[in-house]
Structure formats: structure tokens, C-alpha cells
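A single chain, nothing else alongside it, follows as C-alpha cells in the form predicted on its own.
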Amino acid sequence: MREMIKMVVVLTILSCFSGGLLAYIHSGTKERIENQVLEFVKGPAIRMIFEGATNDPIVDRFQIKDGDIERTFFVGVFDGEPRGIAFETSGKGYGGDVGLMVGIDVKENKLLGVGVTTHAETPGMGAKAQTDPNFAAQFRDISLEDPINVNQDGGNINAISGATITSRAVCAATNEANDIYKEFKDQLDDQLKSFKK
């Protein structure tokens, strides 16, 4: 019995030490991890959306609280004028959530573009939502007046062959971004004033 108590005490001490060490390492590397995700996961989509911007949209960003979520908005400046914002939403794909960066032209109320940031879709099929430039190009310059859907649902977006569910997820995430944009339009306009060059 005494041996059992000794083992439980040793195991408890080791568990507490390991948990504390992991918490310390996590807090020490949290900022570095966030910067890596920003640069290598979200960054390529942001730079593609804001191609031709005269600023660094990854540096020029701000946050707005949306209930329990704090949303990060990236700013694209064109000819000294902050014309675009981009932020991340998600849609339910075949293999899980499809993370999508959505860029919006705030002056014209139309899409600047979209870029998939994260997914668990089938390689060679649904994964094309991230790698196929022709699929992403369909979302440029679309007005935000009407919902965005794939052809099968009465829309103008050609679904990826064999990956209609993934294509629908991208459309759903884009429509969610449109709803968020409309909800926070006044706050976004106020924030963008500070980015005039």
C-alpha cells in the first residue's frame, strides 16, 4: 500500500512539473507561432488578394470584437487610399472546415478576391480550392449585392470538378464574410481612416 501511495505522489509531482513546463514553453513561443501562422499560412492569401497594394497588408491590420471572437482585419492601400480589407472566415467542407481569407473593396462594395488558408480536403480534388488559381479568380470583382453560389445552386461559380462540397464551403465562407462586412461597415470605415497615407 505504501508503495502505491509513493507511486501516486511521484506521478502527481511529475505531471504537475510537465504541465507547468509545457505552459511555460507555450507562453514563451505563442507570439512566434502567431507570427509564423500569419506569414506562412495567411500571408500568401493576403498578398494574393492585395496584389499591387502600396503597403504591407500583414503589418497594417486592426482588430474588432465580434461577440466572443476578436476578428483581425488586414488593410490594403492602393494609391494612398485604404480601399481594401481582408479577414478570415470558414465554411464546412468535405473533410472539415475550410478557412478562407476574403478581400473586399470597401469603396465599390465588391470582392477583391479570396484565398484558402487552411483545409482538410482530399488532395488532388478539394485541395484544388487552395491551389487552382482559376477557381479563386472567379471570385474577383463580384458585387456583394447578391449571395455567391456555385452553378448547381443557381450561382455563377464553377465548382471544382469532383469537389462540389468544397466549392460550396468556399461560397458559404464568402457569404459569411459579406454578412460580417455589412454588420461592421461603419466601424471598418472609421478604422480605415487611420491608414490614409
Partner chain sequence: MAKPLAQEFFKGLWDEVPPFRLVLGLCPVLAVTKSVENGIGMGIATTFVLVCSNVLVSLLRKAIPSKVRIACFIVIIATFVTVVELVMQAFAYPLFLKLGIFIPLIVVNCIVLGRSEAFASRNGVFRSFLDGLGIGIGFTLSLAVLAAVRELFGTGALTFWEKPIPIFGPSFQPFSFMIEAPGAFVCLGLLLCIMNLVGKK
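None of the values given here were measured: they were computed from a predicted structure. Residue numbers count along the first chain shown, from 1.
A second form of this protein, the form predicted together with its partner chain, is not displayed here; the remarks below concern that form.
Of the candidate stretches 163-171, 66-74, 26-34, 138-146, only 26-34 contains residues with a heavy atom within 4.5 Å of its partner chain in the predicted bound form.
Contact check for residue 193: no non-hydrogen atom falls within 4.5 Å of its partner chain in the predicted bound form.
For the partner-free chain shown, 40, 41 of 40-58 come within 4.5 angstroms of its partner chain in the predicted bound form, judged by any non-hydrogen atom. The distance between the CA atoms of residue 19 and residue 68 is at least 3 Å longer in the predicted bound form than in the form shown here. In the predicted bound form, the CA atoms of residue 23 and residue 68 move apart by 3 angstroms or more relative to this form.
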